[in-house]
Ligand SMILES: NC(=O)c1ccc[n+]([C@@H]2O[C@H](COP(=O)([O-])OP(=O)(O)OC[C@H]3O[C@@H](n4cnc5c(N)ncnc54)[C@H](OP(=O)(O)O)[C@@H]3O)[C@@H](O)[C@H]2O)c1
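In structure tokens, one chain follows: the form predicted alone.
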């Protein structure tokens, strides 16, 4: 009987690594990311906890790299769970296009390429963000979203049009980030119905401010939202890890095509008078 394999992109740290710790120890864990040293450290940590884990470098914004990850994981056994936690936030800097390529197009590549080899009863989870709920609807260029599969250049041009006009670098990246995560929620729903015909569940999770390395970088600009949460605090990485692991668990077989908002009530809190 083939071994069951869990693939976690962006698994070298943060909620991706924490999710791995809540997985079934009979499954093989494959962590991917762009920083080799971080991955190696994470693999050793999982090994000490009793997991059989492997590291595979992958840039999810490159379809070829994603295909190589799929090939690597497939050789280890049957891929039953994919957690796509790879992503970048505004505070990490860079250019809006790079952010959109990783967060949005990376989701397209991961869902499509893994969807080709996964079987009935398996699950793909995409990590979005509560930022997907914070933009006014008229700002979100949803009509351009389908272009991600047919014309990437035009997709990037249309989704980044407003962000590139902004002079403030952080605000520009912030707008691109919100749109990219709104895309993740949208694309998850699209793929849920597409891959659902094969018995593959697709779902997304939208975390609030989480006390990961990335989350702490965002605290300076997004910290005002902490007071909007029910408990006036950031979420802990292990809390998100447990939520993610629970959602992709095979026993959660009827949870598909939705986004699970795990934000401590923050979005609700911003709407209360």
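Numbering follows the first chain given and starts at 1. Bear in mind the structure is a predicted one, so any value in this text is a computation, not a measurement.
Heads up, the form predicted in complex with the named molecule isn't pictured, but that's what we're talking about next.
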Notebook entry, point to check: Quick one: does residue 79 come within 4.5 Å of the named molecule in the predicted bound form, counting heavy atoms only?
Noted result: no
Note to self: Considering non-hydrogen atoms and a 4.5 Å limit, does the named molecule approach residue 162 in the predicted bound form?
What the structure shows: no
Note to self: With the partner left out here, check for me: in the predicted bound form, does some heavy atom of residue 41 sit within 4.5 Å of the named molecule?
What the structure shows: no
Notebook entry, point to check: Would residue 129 count as touching the named molecule in the predicted bound form under a 4.5 Å heavy atom rule?
Noted result: yes
Next item on the list: Quick one: from 210, 243, 30, 70, grab the residue that has a heavy atom within 4.5 Å of the named molecule in the predicted bound form.
Entry: 210
Item checked: Of 175, 88, 200, 191, the one that lies within 4.5 Å of the named molecule in the predicted bound form (heavy atoms) -> 88
Next item on the list: Work out which of the listed stretches, 121-129, 151-159, 167-175, 191-199, brings a heavy atom within 4.5 angstroms of the named molecule in the predicted bound form.
Entry: 121-129
Check: Which residues in 61-78 have a heavy atom within 4.5 Å of the named molecule in the predicted bound form?
Finding: 61
